[in-house]
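This document starts with one chain, in the form predicted alone, laid out as structure tokens.
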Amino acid sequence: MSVQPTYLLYASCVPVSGAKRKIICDLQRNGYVPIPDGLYEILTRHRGKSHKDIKAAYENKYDQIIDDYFKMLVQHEFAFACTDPNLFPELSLDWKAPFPVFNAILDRDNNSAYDLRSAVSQLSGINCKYLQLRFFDPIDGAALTELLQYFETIRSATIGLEVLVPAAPGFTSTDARKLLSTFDRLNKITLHGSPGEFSIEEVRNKRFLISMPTSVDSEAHCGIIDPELFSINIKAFTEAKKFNSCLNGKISVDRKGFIRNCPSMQEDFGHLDDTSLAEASSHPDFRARWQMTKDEVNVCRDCEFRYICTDCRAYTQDNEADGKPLKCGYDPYTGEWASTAPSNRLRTRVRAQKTASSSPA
């Protein structure tokens, strides 16, 4: 008597249900595919059952459809046949980080008076791994070089550094290429307000220069929700299941020197002049923001993209703490994005954030 096969999804292929649609998130190949409701039910309610038993569960009324489902899954390498499903456990959704604060944003403009070097040193002291420096006003190459050299003189824990700076006569693409070729921790420079079209240049291995025509002149440029910003991988997916996909492990200093979860958030936890980053990041209310998952956010909890999507708690519908991100145009109840195409300004910002990113900030 032959053993009936059991079809299982590969562990990195995870089905997710939304109000209107179901999808399989392929966390190894960094993509997703929509699937029928019936297939989602088979993959979740009947996981581990033999092919024969699944057909029997539906009184053999849909045998051909079930055959076609599994044929498609195997053909596209989402599933495989086995005889002992107990040998293939589901993917662990645990998520851990070695340090509580692991990414940061420091904003600057011409009126910023806080001590930038002190902020960098403090971030190193709390073992922050990724840092994004955003300059809203022009900074000359010499000043930026001096700051980057400071990174070399301290025992910085930072392993990924990104700089957003206006394109200006005092700092050109030539200056940017030189810095990317010199400083190993520097992964990306974005020249915003650049003439011409959006472009990406790999200066050296995984060191990128991005030029974009949009000017990033304030913190209000963040919070965009767009398919181009989806993060479809095991790390991002498991983090989003347990924590907020934008704010978890993040600390920021706004242009005026106030410490916030994000520069766009209303609540601050002191000023850098009188409060340390370690003290602010240890505050229970500060860390509470890290805990809000998409399963707790209105509308988002019914979205099939909730574990691969970014989030925004700064700009929300009706300014509610659990409101849907204000800059999201997707309706999970119809399965449609807003009919109005994103503006060029939004699109270039999205592409700049997504491309060549080595930092979750």
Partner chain sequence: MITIVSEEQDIMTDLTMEWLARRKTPTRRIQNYEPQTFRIEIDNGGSSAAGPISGNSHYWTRRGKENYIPATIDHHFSENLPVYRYLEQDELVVSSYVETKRKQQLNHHDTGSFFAEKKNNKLINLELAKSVHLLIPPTCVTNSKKVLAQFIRRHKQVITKDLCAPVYLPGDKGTLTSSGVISIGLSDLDAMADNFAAVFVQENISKQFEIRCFLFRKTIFSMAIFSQNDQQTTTDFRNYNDARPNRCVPFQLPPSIASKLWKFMALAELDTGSIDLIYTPEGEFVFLEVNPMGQFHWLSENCNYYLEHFIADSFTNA
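Numbering follows the first chain given and starts at 1. Keep in mind that this is a model prediction, so the values were computed, not measured.
Quick note: we don't show the form predicted together with its partner chain, though the next part is all about it.
Only one listed stretch (76-84, 259-267, 206-214, 243-251) carries heavy atoms within 4.5 Å of its partner chain in the predicted complex, and that stretch is 76-84.
The single contact residue among L91, A278, A143, L229, judged by any heavy atom lying within 4.5 Å of its partner chain in the predicted complex, is L91.
W95 is the sole member of Y150, F198, F183, W95 with a non-hydrogen atom lying within 4.5 angstroms of its partner chain in the predicted complex. With a 4.5 Å cutoff on heavy atoms, S17 does not count as touching its partner chain in the predicted complex; it lies far away.
When contacts are judged by a 4.5 Å heavy atom cut-off, W337 does not count as touching its partner chain in the predicted complex.
By the criterion of a heavy atom within 4.5 Å, S194 is excluded from the residues contacting its partner chain in the predicted complex. By the criterion of a heavy atom within 4.5 Å, K235 is counted among the residues contacting its partner chain in the predicted complex. Contacts with its partner chain in the predicted complex, taken as any heavy atom within 4.5 Å, map within 29-56 to R29 alone.
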